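In the form predicted alone, a lone chain appears below as structure tokens.
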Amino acid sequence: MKAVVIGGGIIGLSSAYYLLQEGWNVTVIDKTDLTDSCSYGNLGMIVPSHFVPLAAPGIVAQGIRWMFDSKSPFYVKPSLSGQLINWGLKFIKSANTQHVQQSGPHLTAINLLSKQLYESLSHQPGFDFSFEKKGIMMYFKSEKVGEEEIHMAEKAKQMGLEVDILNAAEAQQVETDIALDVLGAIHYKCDAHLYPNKLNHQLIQYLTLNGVQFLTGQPVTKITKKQNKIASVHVGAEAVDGDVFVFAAGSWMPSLLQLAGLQLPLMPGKGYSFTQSHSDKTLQVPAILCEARVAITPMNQQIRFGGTMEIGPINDKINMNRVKGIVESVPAYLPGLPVEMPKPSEVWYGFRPCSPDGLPYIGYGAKYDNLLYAGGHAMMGLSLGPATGHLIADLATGKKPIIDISAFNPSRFD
């Protein structure tokens, strides 16, 4: 049986890995050379703590306020694009308390599964991607945000997650090397982190050595259908046939699906990161600066800083004001951690594929019997890679998925 995976980021590579374990003959197609997907520049966080979807109460009003600040962490670029308007209306409809309550258990389950699979993968020969279970520190500076974070931490405890609520002095005892200026912190001990650059390289190497075929450097230009199945996808002059097709193309999913006559509400959310060397001081535990929505992770003897969510059409422009917003936020929380304004050439950017309700699309769609969706993971692509790949392999093989995936139904907006 032959599986064709379109997309060579962490979701596509993980799908290929678990399909291979199930005995499938796998081909991975990607229009790039696989060196610069969202899976490379991210912060490497594995986040069972992130059980609240992007579409949450208050985010719409907050987003409107942030639209007038060029350094803000969340921004929707105004546009008359039908795709954006459609997405925005669905986002507004989803941003409610009931949606958050219903989504929490599903997001927690898939993140915990991914963490378990990452730990297992880290023990396999040929894999050493600096997987560490130190958790993540959520730092807050204001009483209002502190109350919100403590409330969320209590919910996390009720869901069985390992969490500590810390005052400023207790947080400083955890982060011993770097001076803090915070009101307190939530230490999500349930979380973990890894070095994504190593992970992707090692996955590609493993898949190549074990017979997976890679077709890179050219996009899919045509999709051939036969009755209610995908028959083949065309890459350059080559038609690639298969028994099952996994669409894992990240922010390019809508344009790919259009070739099959399908629509998918999904918008790219541009994020930025940069990595700097810190020889004298280093962060002990990855951190998220709550009010600023900035993430910081120690990796490969360096520190990576990242943030912003800019919803709009795919483009190759770097907004240095948004990068400046990341840089300027760090000293307010971590005055003991020096950070310099990077040059434009040192800034990485990528496009997170965002569904309107903040949940991924995982599973078969309604129109084609052999088309599997694996996309829309937003900021949790790296975190949810192995779990998504495992679920895709389960579905392709006809097994019952290892967890309930009803919330991730690709046809839920049809």
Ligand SMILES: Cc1cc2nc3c(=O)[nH]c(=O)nc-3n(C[C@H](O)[C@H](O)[C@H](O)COP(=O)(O)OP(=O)(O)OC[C@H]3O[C@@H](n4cnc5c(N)ncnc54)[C@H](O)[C@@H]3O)c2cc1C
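It should be emphasised that the depicted structure is a prediction, and the values quoted were computed from it without experimental measurement. The numbering used is simple: start at 1 and walk along the sequence shown.
The form predicted together with this ligand is left out here; the points below concern that form.
Participant: Please check if T27 has a heavy atom lying within 4.5 Å of any heavy atom of this ligand in the predicted bound form.
Facilitator: T27: no, not in contact with this ligand in the predicted bound form.
Participant: Just to confirm, Y333 within 4.5 Å of this ligand in the predicted bound form by heavy atoms?
Facilitator: Contact check for Y333: no, nothing within 4.5 Å of this ligand in the predicted bound form.
Participant: Taking this ligand as it sits in the predicted bound form, is W348 in contact with it (heavy atom to heavy atom, 4.5 Å or less)?
Facilitator: Judged by the heavy-atom cut-off of 4.5 Å, W348 is in contact with this ligand in the predicted bound form.
Participant: Decide whether L391 counts as a contact residue for this ligand in the predicted bound form under a heavy atom distance cut-off of 4.5 Å.
Facilitator: No, no contact at 4.5 Å.
Participant: Exactly one residue in A171, I230, A249, L337 has a non-hydrogen atom within 4.5 Å of this ligand in the predicted bound form; which is it?
Facilitator: Answer to the contact question: A249.
Participant: Scan P386, P48, P360, G44 and let me know which has any heavy atom within 4.5 Å of this ligand in the predicted bound form.
Facilitator: Looking at P386, P48, P360, G44 one by one, just G44 meets the 4.5 Å heavy-atom criterion.
Participant: Counting only non-hydrogen atoms, choose the one of 162 to 170, 98 to 106, 214 to 222, 81 to 89 that falls within 4.5 Å of this ligand in the predicted bound form.
Facilitator: In the other structure, the partner sits against 214 to 222.
Participant: State yes only if every one of F140, I311 and V327 has a non-hydrogen atom within 4.5 Å of this ligand in the predicted bound form; otherwise state no.
Facilitator: Not one of the three qualifies.
Participant: Does anything in 374 to 411 come within 4.5 Å of this ligand in the predicted bound form by heavy atoms, and if so which residues, in order?
Facilitator: Residues within 4.5 Å: H377, A378, M379, M380, G381, L382, S383.
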